[in-house]
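Next up: a single chain in structure tokens, the form predicted alone.
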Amino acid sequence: MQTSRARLFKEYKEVQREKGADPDIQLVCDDSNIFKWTALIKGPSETPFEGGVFQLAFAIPEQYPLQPPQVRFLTKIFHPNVHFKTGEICLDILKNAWSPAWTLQSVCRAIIALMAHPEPDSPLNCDSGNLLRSGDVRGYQSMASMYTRLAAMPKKG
């Protein structure tokens, strides 16, 4: 547990020092628990998520960095690799391809990359995956855009 605290504290200091260096990611540590973090990530440009800001929740195990953090979307998102109700993310680095070289910041980067390049063959959201697998890219993009507008963009007025 000491190792994970030391590592998380190092990442925390890095995030504080680099504030604003990556405008697409804003990582925040819970004031009272270093094992709980949240992130705000910007939807990648030229995707149906562009213009949206998505909140992620990180639950970090005591064995971190030997074990991956649990990460989920708190903001609703229509994406084949994200469970629509729970926000669970299907991403290899959060499962069997994890390496202690990954940081919370690089995990956010990988999630942004996944948003831009969905993997419809391993869907957690079958509706979304089926649209892409059947070649209905336009249908997928219009649903994803609609949910981005509804859930990830500031309300006007």
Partner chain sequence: MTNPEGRGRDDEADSSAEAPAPDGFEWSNYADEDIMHQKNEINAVEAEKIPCVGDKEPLSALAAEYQSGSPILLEKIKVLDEQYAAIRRTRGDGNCFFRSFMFSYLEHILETQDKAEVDRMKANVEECRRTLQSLGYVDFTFEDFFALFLEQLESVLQGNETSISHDELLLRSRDQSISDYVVMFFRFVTSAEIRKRSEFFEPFIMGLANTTVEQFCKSSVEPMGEESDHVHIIAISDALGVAIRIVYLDRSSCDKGGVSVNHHDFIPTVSSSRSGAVEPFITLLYRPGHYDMLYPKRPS
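Just so you know, these numbers come straight off a predicted model, no measurement behind them. Numbering follows the first chain given and starts at 1.
Omitted from view is the form predicted in complex with its partner chain, to which the following refers.
Using a 4.5 Å heavy atom cutoff, none of A116, S122 and V137 lies near its partner chain in the model of the complex.
A single residue from the set T103, T47, Q26, N130 has any heavy atom within 4.5 angstroms of its partner chain in the model of the complex; that residue is T103. In the model of the complex, its partner chain sits within 4.5 Å of a heavy atom of V71. Interface residue remark: E14 is counted as part of the site for its partner chain in the model of the complex, having a heavy atom within 4.5 Å. For the chain shown alone, I89 is a contact residue for its partner chain in the model of the complex, at least one non-hydrogen atom being within 4.5 angstroms. A57 belongs to the set of residues with a heavy atom inside 4.5 Å of its partner chain in the model of the complex. Interface residues of 69 to 99, taken as those with a heavy atom within 4.5 Å of its partner chain in the model of the complex (partner not displayed): Q70, V71, R72, L74, T75, K76, F84, K85, T86, E88, I89, L94, K95, N96, A97, W98, S99, in sequence order.
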